[in-house]
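First comes one chain, alone, set out as structure tokens in the form predicted on its own.
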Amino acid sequence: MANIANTNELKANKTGVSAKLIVRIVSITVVLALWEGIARSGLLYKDVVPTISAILYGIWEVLADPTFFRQAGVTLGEITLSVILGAATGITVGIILGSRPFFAKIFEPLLHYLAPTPKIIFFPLLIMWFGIGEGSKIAMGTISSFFPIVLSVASGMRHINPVYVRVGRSFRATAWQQATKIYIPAMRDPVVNGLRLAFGVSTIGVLLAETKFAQSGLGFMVTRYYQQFNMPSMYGIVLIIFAFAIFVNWLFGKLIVEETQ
């Protein structure tokens, strides 16, 4: 009976996955058909909404640009460093807030108010503090990534089994040992979800900053194509960034799935 139940469950899961895949394919096909229809209808200026074939050629043009991979490396480095700095500060502050109710009552409401605030409003200050180079872009990404991580960690700290904490204290674990051996392993999902969100908002922050005052990076390339009115290449680089973001998000999703299995 158990084997039959497992077989039926496996078939149901496969059917569900197939249905989801079909819906996704149909949805993407409909969107592409609508885009192509609008591009060929003449309702909008054709260079503003280029055809799919023109965008595909734009992607090829971007990838063939000898400076593309160098510019992509600049942006990826800024995003990576931003997430690392945001994670280091966010996890540290989140652990403090989650383990110290006194500090949580004082500071956590402020974080909840600041978290939805568009971080681009801080960019003029960051330019004055760090200049127009990579420093201001990294600072922008760090501020953006800090909030989802600190709030996820602070919330995750409150769901840790108190037994784990008491065991650590009974063994006289230091604050560093408690953080690395108890807190972070016990709340892996909140940390991964926080990093997942942090990567997205950090990417947005860095790219927005690069479109303002920059001489390198993918945001700079988007602005350059826009100023040249090269819309197919502009859409192409946006789609490349979008595809990379999907890939990283998929990797974070795999970490969560592997933990639950």
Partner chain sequence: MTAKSAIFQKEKWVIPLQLGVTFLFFAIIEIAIELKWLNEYVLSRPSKIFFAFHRIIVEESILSYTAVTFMEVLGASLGLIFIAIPFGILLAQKKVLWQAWGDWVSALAAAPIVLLYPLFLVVFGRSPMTIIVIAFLTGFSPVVIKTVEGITNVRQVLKDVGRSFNLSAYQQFKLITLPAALPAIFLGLRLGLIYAMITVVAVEYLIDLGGLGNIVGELAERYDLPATYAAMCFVVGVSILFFAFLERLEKWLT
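Residue numbers count along the first chain shown, from 1. Between two forms, the rigid core is the largest collection of C-alphas that superpose within 1.5 Å. Keep in mind it's a predicted model, so treat the numbers as computed, not measured.
FYI, the form predicted in complex with the partner chain isn't displayed, but the following is about it.
Contact annotation: E134 falls outside 4.5 Å of the partner chain in the predicted bound form, judged by heavy atom distances. S216 falls outside the set of residues with a heavy atom inside 4.5 Å of the partner chain in the predicted bound form.
At a distance threshold of 4.5 angstroms between non-hydrogen atoms, A104 is in contact with the partner chain in the predicted bound form. Contact annotation: I28 falls within 4.5 Å of the partner chain in the predicted bound form, judged by heavy atom distances. Only one of the listed residues (A39, V192, I204, A54) places a non-hydrogen atom within 4.5 angstroms of the partner chain in the predicted bound form, and that residue is I204. Among the residues T80, T92, T180, T117, the one placing a heavy atom within 4.5 Å of the partner chain in the predicted bound form is T117. For the candidate spot formed by R24, P109 and A245, every residue has a non-hydrogen atom within 4.5 angstroms of the partner chain in the predicted bound form. Residues from 217-241 that approach the partner chain in the predicted bound form with a non-hydrogen atom closer than or equal to 4.5 Å are V222, Y226, F229, M231, M234, Y235, V238, I241, in the order they occur in the chain. Once you line up the core between the shown form and the other one, the Cα of Q215 stays within less than 2 Å of where it was.
Comparing the forms between the shown form and the other one, the C-alpha position of F69 differs by less than 2 angstroms, with the core used for superposition. Remark: with the core as the superposition reference, the CA shift of W35 between the shown form and the other one reaches 2 Å or more.
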